[in-house]
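Shown here is one chain on its own, the form predicted on its own, set out as structure tokens.
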């Protein structure tokens, strides 16, 4: 009864870690498209094609439900996939919805008109592709009015995290926060709009200051997935084994993933 988790690289492991702890009896198949990472610098058509191919691979592994633990894929590909591509017996979910539910304090099934919410000034830190898509702002507008969102494209940050260069990653975080604050000096909340960024959450918080509420996705996605599977138990696929798959070099990806999560992770070729 496996569930698929997909990311362009290693960032989705932060989501996998959280959902595995929340749902210890569910086998998860993780697929990283490391061969083509990072997605954040690709155009929308590229991201769509690669995301569809990865999703099909997870369906082949027995995962009828796939979580796009990649904000770029969720932003650039998910809506198009849901509208015209996904078969009726499969589901693909993204990582924006749980975040927006938490920010607006209303459930996704609540279809009442948009209304004012407590948070009025939001900083969004994301990849260049996610920022270009404006997907977060579009989805937020269905639920809330009067929210000012200032987006900061965090170029280079994913690469630094994937390579394990935390000194460079910290410098980039502080530089991007400084750039954001020049546009929005006093944000009330900050969205870490990439699943790599939770590894740098303490640095984001320190750079933003203690008065800014920082939202990251892993635990929010885990709770949302648990609720979804309670309501849709039939979406647990026929797969029985947990595994880690990569389109890249399994040894290299395994070594980086082990450093990334600080426990041994063994990938195999997708």
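Positions refer to the first chain, counted from 1. No experiment lies behind these values; they were computed from the predicted model shown.
Omitted from view is the form predicted together with a small molecule, to which the following refers.
Not displayed here, the small molecule is approached by residue 39 to within 4.5 Å at the level of heavy atoms in the predicted bound form. The shortest heavy atom separation between residue 144 and the small molecule in the predicted bound form exceeds 4.5 Å. Although the partner is absent here, residue 194 is a contact residue: one of its heavy atoms lies within 4.5 angstroms of the small molecule in the predicted bound form. The small molecule in the predicted bound form is not approached by residue 173, whose heavy atoms all lie more than 4.5 angstroms from it. In terms of contact with the small molecule in the predicted bound form, the residue from 177, 158, 124, 200 that brings a heavy atom within 4.5 Å is 158. Of the candidate stretches 203 to 211, 66 to 74, 51 to 59, 240 to 248, only 66 to 74 has residues with heavy atoms within 4.5 Å of the small molecule in the predicted bound form.
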